[in-house]
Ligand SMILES: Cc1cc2nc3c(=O)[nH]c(=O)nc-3n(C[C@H](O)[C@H](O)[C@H](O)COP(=O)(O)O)c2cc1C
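Next up: just one chain, as structure tokens, the form predicted alone.
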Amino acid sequence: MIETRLTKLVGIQYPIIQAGMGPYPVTSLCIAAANAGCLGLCSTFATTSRETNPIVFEDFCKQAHAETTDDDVTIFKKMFTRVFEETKESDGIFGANVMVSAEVKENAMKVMQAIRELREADPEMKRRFRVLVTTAGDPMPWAGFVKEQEMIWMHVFPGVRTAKRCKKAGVQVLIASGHEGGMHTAWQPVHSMTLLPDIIEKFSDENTLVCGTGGFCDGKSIAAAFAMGADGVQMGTRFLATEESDFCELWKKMVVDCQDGGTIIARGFVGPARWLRSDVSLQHAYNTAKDAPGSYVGVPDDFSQIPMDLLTFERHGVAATYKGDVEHAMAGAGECAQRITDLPKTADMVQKVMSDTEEILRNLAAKYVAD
């Protein structure tokens, strides 16, 4: 059994965080991950798709056990309550993944309202719903809420500058996001092999934990993270491709069918994004090169600088994936998709990944260290 500062802080069996992966529904996946001994995270971004991508919004509500006519706060409360109820037997620990960029601040505030009302009403909910993971924005404005709620605070980020902000804000767990990751990637990409040890060396101390995300999917990659000094890892694509995952079947199939070099970068909602390579995503990449070249040269743009057709193309591609329309489908995933070939039960995947990690770590010294 591997025990790390992450397992001790959060109270989980394994040092693994299941990524939130919004705006897509991951409620059933969160339950499965928490029941398997990991930190399960709920996605909270799909309510912003109520008008722009209703097929995603409707699926999100279905998995949250909510109605599409419910207001956003009610949807979040129903989702968190479902996770709470279905992880009671395992005493599973879970949290919320919240995008906090300026463009979606209103949605983040609604999530925080739901969290506050549920946790203040039920001590047991407060005990097990104990983690807030912020991402895609400045963590500083949310420090007061975290302090008030006494939650464990994690933030996902792609570089040293944001890590400094996290440290100043009081974030307890820094999740360094390497360029290998699926969907949202950095404007100025740095891969995990460079980013993670740099963040560990600069920011890890007795009060600050560091985890890696981007490329972690099995015993080999997790053992590498521990060798670099990480306290744990966050995995997205590997959890996406599991039996309990809420992602639609075509999306899962596209991950399992991914070949060598099977992902590509193109513009996404909040910046560059990593997509599974297909004729559709390749066309999206060509459109990005023409209309949003900053995605490839590290120069950020915003909605006032790019044609909305780019984002419409993305929404249509995702909607086609949910409809099972192979010809027009577009789906995001990390580079590690090319190493994923099955759709196991979440608990079986976690146990295999961790047993492989333990075996690798046991054998390292005997194999490489001379007397």
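Computed from a predicted model, the values in this text were never measured in an experiment. Each residue number is its position in the shown sequence, starting from 1.
Another form exists, predicted together with the named molecule; not displayed. Remarks below refer to it.
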The one residue among E180, D231, E244, D72 placing a heavy atom within 4.5 Å of the named molecule in the model of the complex is E180
Mark W251 yes when one of its heavy atoms lies within 4.5 Å of a heavy atom of the named molecule in the model of the complex, and no otherwise. yes
Under a 4.5 Å heavy atom criterion, is Y322 part of the interface with the named molecule in the model of the complex? no
With the cut-off set at 4.5 Å between non-hydrogen atoms, does M99 touch the named molecule in the model of the complex? yes
Check: So, in the model of the complex, is F45 in contact with the named molecule at a 4.5 angstroms heavy atom limit?
Finding: yes
TL;DR on 291-299, 213-221, 84-92, 258-266: the one with heavy atoms within 4.5 Å of the named molecule in the model of the complex is 213-221
Taking the named molecule in the model of the complex and a 4.5 Å non-hydrogen atom cutoff, the residues of 62-87 making contact are none
